[in-house]
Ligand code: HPA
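Taking the form predicted alone, here's one chain by itself in structure tokens.
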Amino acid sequence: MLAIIGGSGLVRLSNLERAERREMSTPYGAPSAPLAVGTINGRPVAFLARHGDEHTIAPHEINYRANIWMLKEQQVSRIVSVAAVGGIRKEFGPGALVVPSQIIDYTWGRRSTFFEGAGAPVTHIDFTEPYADGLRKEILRAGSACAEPIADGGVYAATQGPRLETAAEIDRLEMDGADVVGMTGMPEAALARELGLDYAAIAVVANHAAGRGDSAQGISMETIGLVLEDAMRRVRRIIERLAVQ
């Protein structure tokens, strides 16, 4: 089954039909929200609101382990993360959709592995390619099929949040090779890999990153909301196509 994890701007998947809400506990505590399981074009799809039903859970407070564990327990095999990001690269302006190919992790203090604690085996995962290539290609094909432009590749910088970055921090991220910046890409991607789940992301550029473009002097939260409203409509079209591929 395909699962969509929705971030800022995608708290509900309005095109999910006959949805039932499934609540469950996990060995790692409570997930962000009940899992909504329904169909899109007759195919089973699950949806999880990463920040909670009312968007009340900050990026550093998300129980990523519980979320990914729940999806595994509900027979999910593919996860598509939808996340709002800031655009660092010039061509990734507000409204752009990007399927990133790499991650740089700047987060700290987050519970980032299932393999810890007394008696747990030391476990190393290969994370050379953090996103599942096959699922990335499926997303790109879905975008092409519904004529929604979506960029292939880019480096996602995962920052701690919840504050946005300074202009100097964005300069540093750019020098490190980052193309977009968000707060929820890690440890989500690594946890999915630990449980053998295919994971890829649609990064939705909500604004120019700090110090760039029309964010040179500051970032307008009101403008971000308007950009996301339109962009998530396009994302839902891509998801509809992806569900039947």
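Everything numeric in this text was worked out from a predicted model, so none of it was measured. In this text, residue numbers run from 1 along the sequence as written.
The same protein has a further form, the form predicted in complex with the ligand, not shown here; the description that follows concerns it.
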Quick check: do V80, A201 and L242 each get a heavy atom within 4.5 Å of the ligand in the model of the complex?
no
Which residue among M183, A192, A178, A46 has a heavy atom within 4.5 angstroms of the ligand in the model of the complex?
M183
Partner-proximal stretch of 107-115, 131-139, 147-155, 160-168 relative to the ligand in the model of the complex, 4.5 angstroms, heavy atom
160-168
Given that the partner is absent here, does S32 sit within 4.5 Å of the ligand in the model of the complex, heavy atoms only?
no
Evaluate N207 for contact with the ligand in the model of the complex, applying a 4.5 angstroms cut-off between non-hydrogen atoms, and reply yes or no.
yes
Using the partner position in the model of the complex, report whether G86 sits within 4.5 Å of the ligand, counting heavy atoms only.
yes
